[in-house]
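Just the one chain here, laid out as structure tokens, in the form predicted on its own.
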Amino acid sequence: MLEVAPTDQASDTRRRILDAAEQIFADFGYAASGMKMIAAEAGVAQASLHYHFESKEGLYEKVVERRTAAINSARRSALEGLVAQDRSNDLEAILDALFRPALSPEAGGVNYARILAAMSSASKGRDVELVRRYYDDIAHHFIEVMARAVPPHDRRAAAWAYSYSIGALVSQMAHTGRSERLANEAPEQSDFEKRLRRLVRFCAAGIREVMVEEAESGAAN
């Protein structure tokens, strides 16, 4: 039987801890989650959590960092692809670049969606700082691209449109099945590509309206 190298063992332990932490934080929220609970879920000694992540707050941040690193890397690559294809003014393609990585398996699915929803609704403290640290840079990038793509090219309006779109995205990341239930659809009738197309079309139409209305409102003031 092959022995696993220590570095591989450490990597596997970290992954199991992060998976377990993501599950516990999603189920119970940050405040009610304990390192003992996470250790039990991961099947490791509690001391292992402190060895790899030092504290609950450090572990929580690493849960966020792991998902955002994958999501934001894919988003940047998708935008670069649009520029290379001369499609940087294609709003639907821009929204696909924003949404698709967040709905992919690497984004953490339902568990991370619940964590992200809690972070996004916070108005102060740790979650606000994490959103600022891991999401604001890519958000500004998409806002600039959206503002250039949609007349009348108003950045302030694009920022509001981006925020509304992210709210719609988070609801779909959770994928609770409620949308299918309300539509009287079986879950298999709403596959990934169909859900993504619906989300893109819905947000694109709203963004165009918001951009015009916000720009006109700003001009009137």
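All residue numbers refer to positions in the sequence shown, first residue = 1. Values in this document were obtained by computation on a predicted structure and should not be read as measured data.
The protein also exists as the form predicted in complex with a further copy of the same chain; that form is not presented, and the subsequent description refers to it.
With the partner omitted here, the residue from His153, Lys36, His50, Lys194 that has a non-hydrogen atom within 4.5 angstroms of a further copy of the same chain in the predicted complex is Lys194. Using a 4.5 angstroms threshold between heavy atoms, Ala161 counts as touching a further copy of the same chain in the predicted complex. Residue contact with a further copy of the same chain in the predicted complex: Asp12 places no heavy atom within 4.5 Å of it. Residue contact check for Glu80: none of its heavy atoms lie within 4.5 Å of a further copy of the same chain in the predicted complex. Heavy atoms of Ile17 never reach within 4.5 Å of a further copy of the same chain in the predicted complex, leaving it off the interface.
In the predicted complex, a further copy of the same chain lies within 4.5 angstroms of at least one heavy atom of each of the following residues of 124-157: Lys124, Val131, Arg132, Tyr135, Asp136, Ala139, His140, Ile143, Arg155, Arg156, in sequence order.
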